[in-house]
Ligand SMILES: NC(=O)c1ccc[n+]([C@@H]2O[C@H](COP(=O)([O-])OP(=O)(O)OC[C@H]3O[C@@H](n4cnc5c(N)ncnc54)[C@H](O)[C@@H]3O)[C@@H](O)[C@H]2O)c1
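We begin with a single chain expressed as structure tokens, specifically the form predicted on its own.
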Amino acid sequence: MKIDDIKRILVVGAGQMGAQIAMQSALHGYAVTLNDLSMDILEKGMKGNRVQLEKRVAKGQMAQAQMDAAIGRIRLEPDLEKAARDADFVVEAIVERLEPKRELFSRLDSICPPHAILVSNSSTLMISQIAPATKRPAQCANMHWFYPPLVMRLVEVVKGKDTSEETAQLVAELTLKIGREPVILRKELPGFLVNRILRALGREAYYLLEQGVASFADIDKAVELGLNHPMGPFKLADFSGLDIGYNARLETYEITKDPSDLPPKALEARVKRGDLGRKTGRGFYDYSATPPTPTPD
């Protein structure tokens, strides 16, 4: 398949990641189908997209007509059978757990046209763990976006052991067509590139916290002012969603069985009490205050 053969993109999962991936694709002219379990979830995802685009219109960064046209290219479809049957390229952006992803890929494989490419937005699960659920492993790859997709330019394209070079190149070419910059990983490993580097930083930050060297707020301050990072590791964890980081660490541990890959206690405690970061209003910081204030353990 060539890049010009991709006419319709299907995004499965209308959370903040999936909805914004769909929007970014539509902004660059693609017909997009957005699928999730209900119309309520789909409409909530699109509401978030409208808020983001309305800000651009208000700042003069795009015309209202551009916004309306892009939104008009997205079809909301809660029925996966209907959503997948005309898809040329599918981006999976559902919960970060292996079995649901394998089940979805198996269903997509049975519904999608034979030429369709299936990619996972997973940040830690490797496509070689997911693709065997299909009869088209050569047409499966990781296409890992960064949050928020409407802003972050990088996309990691990861080849699995059965992913064809043609598929990897096609995913990278599509990434460019929708206004993002690809890097191709020809060897897969948990966490890929960026998250492995971030994980190393985060592991040391949690170690310093657990050893009582400094508070998480002071560790954040040190990283922001000393390394010139826009966010310290704990603010970034809140921004991304503490449950995302927690589940990613559990998945990595299932592969490595290395106790150092288990979620740190400070992270586990917050996730178990439902403090998941900005999306719940409370994580390492309390977002009901301005500016956000550190929360106690």
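From 1 onward, residues are counted along the sequence shown. For clarity, every value in this text was computed on a predicted model and none was experimentally measured.
There is another form of the same protein, the form predicted together with the ligand; it is not shown, and what comes next is about it.
**Student:** Just checking whether residue 159 would be counted as a contact of the ligand in the model of the complex - the rule being heavy atoms within 4.5 angstroms.
**Tutor:** Outside the cut-off, so no.
**Student:** Heavy atoms within 4.5 Å of the ligand in the model of the complex: does residue 122 have any?
**Tutor:** So residue 122 counts as contacting the ligand.
**Student:** Whether residue 93 contacts the ligand in the model of the complex should be assessed with a 4.5 Å heavy atom distance threshold; does it?
**Tutor:** Residue-level check for residue 93: yes, a contact with the ligand.
**Student:** Just to confirm, residue 16 within 4.5 Å of the ligand in the model of the complex by heavy atoms?
**Tutor:** Because a heavy atom of residue 16 falls inside 4.5 Å of the ligand in the model of the complex, the answer is yes.
**Student:** Heavy atoms within 4.5 Å of the ligand in the model of the complex: which stretch in 223 to 231, 111 to 119, 137 to 145, 208 to 216 meets that?
**Tutor:** Looking at the partner contacts, the answer comes out as 137 to 145.
**Student:** Given that the ligand is left out here, which of 255, 41, 31, 57 has a heavy atom within 4.5 Å of it in the model of the complex?
**Tutor:** Among 255, 41, 31, 57, a heavy atom within 4.5 Å of the ligand in the model of the complex occurs only for 41.
**Student:** If the cut-off is 4.5 angstroms on heavy atoms, which of these, 65, 37, 269, 51, is the one near the ligand in the model of the complex?
**Tutor:** By the 4.5 Å criterion, the partner-contacting residue is 37.
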